[in-house]
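Just the one chain here, laid out as structure tokens, in the form predicted on its own.
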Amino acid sequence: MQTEATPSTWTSGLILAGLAAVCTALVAVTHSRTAPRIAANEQAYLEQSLKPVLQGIEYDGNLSESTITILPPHELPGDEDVPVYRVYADGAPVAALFVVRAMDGFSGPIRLLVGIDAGGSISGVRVLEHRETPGLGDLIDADKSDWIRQFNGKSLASPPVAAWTIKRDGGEFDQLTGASITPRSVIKAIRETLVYYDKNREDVFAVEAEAKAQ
């Protein structure tokens, strides 16, 4: 036999419903007030993350104001979408910053930020994410060593494309003590990014904010 809800049961239900409504309203108000601050903090963090690969380059505005995404298939490292931050000064392009993924690191993919100036030289490289061995492969991180800085100012002409590998393989660049797979992977990814930029410079700086797939 069913029993009717007692007045106390109805009262408790109404109180719980009221509390839920109040909590929902508080969450909505909190979100509306904090969302702009969170977005601003994320934007500031992004800007600070991009700056290290633009040493010595003067530019206008925020680094993320003109961004395109290059969709696969493409000839860049990795098999995913590639964000490109286009950098300008007085309306003229001065650099393009590519977020690429070196697929053949020792412990997995290595995400890189590769800055290339308008003339095709490396303005800077930073490792954004990796799982390389501590004390060996992780020396690609700028906080652990200066290894990654050796690419500044390099291009496909200096050194020639054939020399874009470690010295052990007859190339131009230092390897890491006790580690060769990791630097090979990073150097290859930087070289492929330079080659892509050389072939597609006009598309990278095209006016329309659309990805140019190969």
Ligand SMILES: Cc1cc2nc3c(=O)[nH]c(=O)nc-3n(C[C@H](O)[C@H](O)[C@H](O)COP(=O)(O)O)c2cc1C
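Residue indices: 1-based, along the sequence shown. Everything numeric here is computed off the predicted structure, so don't read it as measured data.
Form predicted together with this ligand: not shown, discussed below.
- Exactly one listed residue, out of 136, 94, 103, 142, brings a non-hydrogen atom to within 4.5 Å of this ligand in the predicted complex: 136.
- The partner is absent here; in the predicted complex, the one residue of 150, 66, 180, 155 having a heavy atom within 4.5 Å of this ligand is 180.
- Remark: residue 167 does not count among the residues lining this ligand in the predicted complex, judged by a heavy atom distance of 4.5 Å or less.
- Annotated contact segment (heavy atom within 4.5 Å of this ligand in the predicted complex): 127 to 135, selected among 127 to 135, 68 to 76, 112 to 120, 95 to 103.
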